[in-house]
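This document opens with one chain alone, in structure tokens, the form predicted on its own.
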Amino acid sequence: MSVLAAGEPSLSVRALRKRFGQRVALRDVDFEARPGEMLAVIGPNGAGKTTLLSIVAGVQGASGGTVSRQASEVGWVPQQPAVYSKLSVAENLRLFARLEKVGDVDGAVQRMLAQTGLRDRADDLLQELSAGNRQRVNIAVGLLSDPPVVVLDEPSTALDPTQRARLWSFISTIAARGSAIVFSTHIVEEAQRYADRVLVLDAGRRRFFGAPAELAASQPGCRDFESAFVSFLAQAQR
């Protein structure tokens, strides 16, 4: 978990709503994220996690409510990597820096190679990298414009435990530099271990927003955070 900075939130979301025809995907969801904070969005399948994050990132529009940041101020890291396997690490970063109209393309590429620890792999094709290193490149693409808010959808999916640990160490360094990190995960232990606060979504509704320890304390007798989360959801759905 990070050390939170005082002051205004880096991101503020108010009364966010989303409809797909007759289906309501999000129902007046509120939350905020502060500089240096790591905020986990957790919930069952179909809860609205990806929809929420993609709206915050400007990938799709909301049906109502407000997001305090423009899309250009949010780094977006989707679950499925948007990088090109037949280009090298540096070529991918250079391409996306140009697409995002980054002022100093070469400077941004060198900065991200250094921050990701991939400088010695700069000329390697993406298809030659491990899954963990490919995900590092995917995150680096979202950081090229040095955004104050970074949104990651299931960043540790398909990684083994060692790769996950390395990835979360990298993400934590991003938060330590002052960026607000908002991530979704199905591995609820990641929320307990790395998040300062958690946002629990269920059927498009905000069920909880606070510290992981507060959620665990609300379910006395549960042996671990995952069982407390399951118990909490069962109570909320009654």
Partner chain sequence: MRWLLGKDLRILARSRLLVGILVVYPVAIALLIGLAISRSPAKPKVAIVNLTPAGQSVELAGRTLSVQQYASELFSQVDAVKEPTRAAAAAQVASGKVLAAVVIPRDVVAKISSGISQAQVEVIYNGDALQQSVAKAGIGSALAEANLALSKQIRDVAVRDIDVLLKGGELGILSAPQSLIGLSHIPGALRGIAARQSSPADRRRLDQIAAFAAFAATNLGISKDVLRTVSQPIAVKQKLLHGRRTPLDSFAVVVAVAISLMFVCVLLASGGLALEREEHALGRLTRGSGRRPALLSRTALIAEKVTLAATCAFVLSAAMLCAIGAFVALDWSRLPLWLLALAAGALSFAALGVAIGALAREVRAASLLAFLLSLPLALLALVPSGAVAGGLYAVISVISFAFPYKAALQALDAAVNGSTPGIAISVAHVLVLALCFAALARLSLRRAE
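Numbering follows the first chain given and starts at 1. Everything quoted here is computed from the prediction, not taken from an experiment.
The following text describes the form predicted in complex with its partner chain, which does not appear among the structures shown.
Taken together, the three residues 117, 129 and 156 all stay farther than 4.5 Å from its partner chain in the predicted complex, as judged by their closest heavy atom.
The shortest heavy atom separation between residue 59 and its partner chain in the predicted complex is within 4.5 Å. Under a 4.5 angstroms non-hydrogen atom cutoff, its partner chain in the predicted complex has residue 88 among its neighbouring residues. Within 4.5 Å of any heavy atom of its partner chain in the predicted complex lies no heavy atom of residue 146. Taking the partner from the other structure, its partner chain in the predicted complex has a heavy atom within 4.5 Å of a heavy atom of residue 98.
Contact with its partner chain, judged by heavy atoms within 4.5 Å in the predicted complex, is confined among 22-30, 35-43, 64-72, 184-192 to 64-72. Contacts with its partner chain in the predicted complex, taken as any heavy atom within 4.5 Å, map within 109-141 to 125, 138, 141.
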